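There is one chain below, alone, in structure tokens, taken in the form predicted on its own.
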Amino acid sequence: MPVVCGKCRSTKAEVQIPYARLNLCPTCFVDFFVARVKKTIEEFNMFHENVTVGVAVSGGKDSAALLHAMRQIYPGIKLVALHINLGIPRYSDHCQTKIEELTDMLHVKLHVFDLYETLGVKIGDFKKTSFKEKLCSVCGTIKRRIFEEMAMKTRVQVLATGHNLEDIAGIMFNNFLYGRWEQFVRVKPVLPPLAEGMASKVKPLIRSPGNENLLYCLYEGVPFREIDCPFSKGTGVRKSAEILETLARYNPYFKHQILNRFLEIMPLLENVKPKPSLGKCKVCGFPSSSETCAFCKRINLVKQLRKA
């Protein structure tokens, strides 16, 4: 006996959502997904409709689903897509091609920052540095800084990222294990601008599991990358995700419980350690807690190695 959709009650269910005790048909699942993104944006007052919103798109399922869903929710909003080509052989060009297909489909303006053409550096260059075992960390540092710059140049007031439920739970898990209490604040749903003229950062997918972002893309025909980053294999991020998935098999609510507890204690964590006063990086002029920001230090490291 086929299971009937718990929403429309007229179509065969294809999607099981155990934590919500729902079985949905494709149409109702898409409606459920879009409604959750809209509710999350409204719950945390992420932005209002008369601002320019930039979506940081990597080419993966999460940011692709976010851009597509936001265009459905806010058809009249000024929406732009921001992408960084990291210069990873085969992978980066594949990602950019998928993003170009998506932005053409949605009629969204795409801005691309080519890391090698602009700075003469590729992510793979860091394999020759002391960061060779921490490429994901370096990549994150570089992308955060470049997206901030892109947002300023394109006059984006709100920068939306595709961090999903597993991303948030994984970051919290690692921060808890290593006692990085001050880092918890960075995964807040809304982060205010670091300085005047910069964009606020929002995470509309914090309640959306990665597998549901994937399903949304498949049902809606959203283009997204079909190959994995060759540098992500065996990283600490992957290992933490595997641990969380194992725990979630025994408790489908587990990742949502982590998120909800985090949101409850966030006001307390903000006072655990005083925030360092931010000055300006002497190289790029962006906000920094040290004389030279982490981004400029890492870029300079690669350039110095090339000169040696």
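The numbering used is simple: start at 1 and walk along the sequence shown. These figures come from a predicted structure and were not determined experimentally.
In what follows, reference is made to the form predicted together with adenosine monophosphate (AMP), a form of this protein that is not presented.
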Exercise for the section: Please name which of the stretches 188-196, 71-79, 114-122, 158-166 has residues with heavy atoms lying within 4.5 Å of adenosine monophosphate (AMP) in the model of the complex. Expected result: 158-166
Practice task
Verify the flagged residues 63, 84 and 147 against adenosine monophosphate (AMP) in the model of the complex: is each one within 4.5 Å by a non-hydrogen atom?
Solution key: yes
Handout entry: adenosine monophosphate (AMP) contact at residue 41 in the model of the complex, heavy atom, 4.5 Å
Key = no
Problem - Residue contact check: residue 143 to adenosine monophosphate (AMP) in the model of the complex, 4.5 Å heavy atom - result: yes
Problem - Partner proximity in the model of the complex: residue 53 to adenosine monophosphate (AMP), non-hydrogen atom cutoff 4.5 Å - result: no
